[in-house]
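Shown below, as structure tokens, is a lone chain in the form predicted alone; questions about how it binds or moves come after it.
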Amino acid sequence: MTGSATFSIGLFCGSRDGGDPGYREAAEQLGAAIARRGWTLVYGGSSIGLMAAAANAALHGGGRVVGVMPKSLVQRELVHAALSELRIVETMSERKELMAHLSDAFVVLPGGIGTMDELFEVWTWRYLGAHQKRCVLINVNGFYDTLLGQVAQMSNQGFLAADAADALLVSADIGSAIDMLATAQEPQ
């Protein structure tokens, strides 16, 4: 853990809802589950899309929610006004670095290129030994099937070591993802 009193989950997901109502439902379930566990949700600070759905569910459940947003996105993504804590940073790189510092594990829901950037950065950092935090990808309704196929292709073709591929944990549902995250709390 990062030294905080509670276990903190860094969430990467879309600032849009996407085309499947199941994505929003998963974000709400995740936020509620994080709150029930007494964990802290660390996310991008937005009041829109899947990011807001998870944050609102965590807040509604009495959870602590920390937003991290670069100045350039404060207006574009509409910063969430009801967070437990909001950290404004200068750049996207600073956002990712601070979220990584504040988080004890990471979870990824559906999203766009920003979500992919965040996922690949923390996953790469884990592989390179910069941290040993869990990275859990939630494959809601098969959203990440194609990406997982590409990961398998990179591994099969010798571009991705087996231990790097294994470092990305994959779950099809919120319940098993929460279980994977919970075991990250246990002493290693």
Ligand code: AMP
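The structure displayed is predicted, hence computed values, not measured ones. The numbering used is simple: start at 1 and walk along the sequence shown.
A second form of this protein, the form predicted in complex with adenosine monophosphate (AMP), is not displayed here; the remarks below concern that form.
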query = Is Gly18 close to adenosine monophosphate (AMP) in the model of the complex, meaning a heavy atom pair under 4.5 Å apart or at it?
reply = no
4.5 Å heavy atom contact, Ser46 and adenosine monophosphate (AMP) in the model of the complex = yes
ask   = Taking 4.5 angstroms as the cut-off for heavy atoms, does Ile9 touch adenosine monophosphate (AMP) in the model of the complex?
value = no
key: 4.5 Å heavy atom contact, Ile113 to adenosine monophosphate (AMP) in the model of the complex   = yes
ask   = At 4.5 angstroms, heavy atoms only, are Val42, Val65 and Asp104 all close to adenosine monophosphate (AMP) in the model of the complex?
value = no
task = Spot the stretch among 34-42, 116-124, 56-64, 129-137 with residues whose non-hydrogen atoms come within 4.5 Å of adenosine monophosphate (AMP) in the model of the complex.
result = 116-124
ask   = Though the partner is not shown here, which residues of 136-150 have a heavy atom within 4.5 Å of adenosine monophosphate (AMP) in the model of the complex?
value = none
